[in-house]
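Before any questions on how it binds or moves, here is one chain, the form predicted on its own, in structure tokens.
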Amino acid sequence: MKMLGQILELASSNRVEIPLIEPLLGMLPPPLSELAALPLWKPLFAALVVPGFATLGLLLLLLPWIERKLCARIQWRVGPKEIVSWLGGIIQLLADSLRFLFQEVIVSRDSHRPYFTQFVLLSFIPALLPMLFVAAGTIIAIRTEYSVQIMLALVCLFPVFILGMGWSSGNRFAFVGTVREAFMYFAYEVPLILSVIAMLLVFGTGDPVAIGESGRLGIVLNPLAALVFFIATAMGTSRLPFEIPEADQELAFGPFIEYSGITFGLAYVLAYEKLYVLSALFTTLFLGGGSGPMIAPLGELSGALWFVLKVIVVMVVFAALRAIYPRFRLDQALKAGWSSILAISLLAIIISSVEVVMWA
């Protein structure tokens, strides 16, 4: 009981302030009000609600539907509508998830069996852990001056698991997709890191809360860094025109060709998880994080709302690329990554250095 009391006291001293529900909590007697307020403890709220697990899960359900509908509208097509047609097929991915769940998971005899399934599950590590360091306004699970750097390091782990999934499949076509993934990894990772370094020089900190509270938009301070980060994100999440590792017309979904059932479903959403993490990082560095007009009844939840809306806008822009650009060849993407994009990222660092010297 003493330990529970200490936990409740700690939670009450660092919880999300939402004036809209404060009267409801005040109506409860002290022990019950403290227990009811426990989910509002910032680390727990950030990890489970926003920007964490609940927000990620909701976007994973909605974004594929939004992407299909948006691309269909741009190309004058219909898009999915058979599942709950009067809602425009909005639960299409939920129906797909149920189909994946009840399909048989086939493990090829040529695959490395222990690793074949483990890499799919382990791939959620770089998808979920960065959420602990993302600031939705002032709501953040773990706040340090190195949050952005830690997020970037965790994001860089994504290709490791994708390469492991392709290698463990024991399939020549999966191997081709894996090699393409490895080439693309080096082509986009260096410019991505350099663009983040450029913004860290400008802000002088890796604390996302401090970056948001600074009131400065990174896309205005260094538009070249924003451009490089945007292109590198498209390359890193296999968005068109950089849908090269999968290239389903010729490689049958690249490194994931041998996966079926729920394991394929997990591999399918992996790119969307990475897109969410990188969009959150883009919002933090270039769009002011959770900054926006204060909505008084929501309190600190106001910043989280603006943050999520900005992230959704960024993700929708990436989704629209599928309907606009044709896919590059591998050599074209590599040439762009190692020449023009790398040169622009170096120029972005120079611009940030000049701005730092001028403001010093």
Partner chain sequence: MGIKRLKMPEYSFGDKVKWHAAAVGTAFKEAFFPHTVTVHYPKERRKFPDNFRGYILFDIEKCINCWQCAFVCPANAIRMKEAPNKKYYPTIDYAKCIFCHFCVDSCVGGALRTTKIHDVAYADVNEMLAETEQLMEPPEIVREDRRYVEYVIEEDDVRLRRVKGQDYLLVEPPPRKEYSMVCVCDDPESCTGCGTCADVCEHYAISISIEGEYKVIRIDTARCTGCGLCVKECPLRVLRLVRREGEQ
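Keep in mind the model is a prediction, meaning the values are calculated, not measured. Positions refer to the first chain, counted from 1.
Another form exists, predicted in complex with its partner chain; not displayed. Remarks below refer to it.
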Which listed residue (81, 216, 143, 112) meets the criterion of a heavy atom within 4.5 Å of its partner chain in the predicted bound form?
81
With its partner chain left out of view, choose which of 70, 49, 308, 298 has a non-hydrogen atom within 4.5 angstroms of it in the predicted bound form.
70
With heavy atoms only and a cut-off of 4.5 Å, decide whether residue 324 touches its partner chain in the predicted bound form.
yes
Verify the contact flag for residue 179: yes if a non-hydrogen atom of it lies within 4.5 Å of a non-hydrogen atom of its partner chain in the predicted bound form, no if not.
no
Quick one: does residue 76 come within 4.5 Å of its partner chain in the predicted bound form, counting heavy atoms only?
yes
Out of 81 to 89, 132 to 140, 205 to 213, 189 to 197, where are the residues with a heavy atom within 4.5 Å of its partner chain in the predicted bound form?
81 to 89
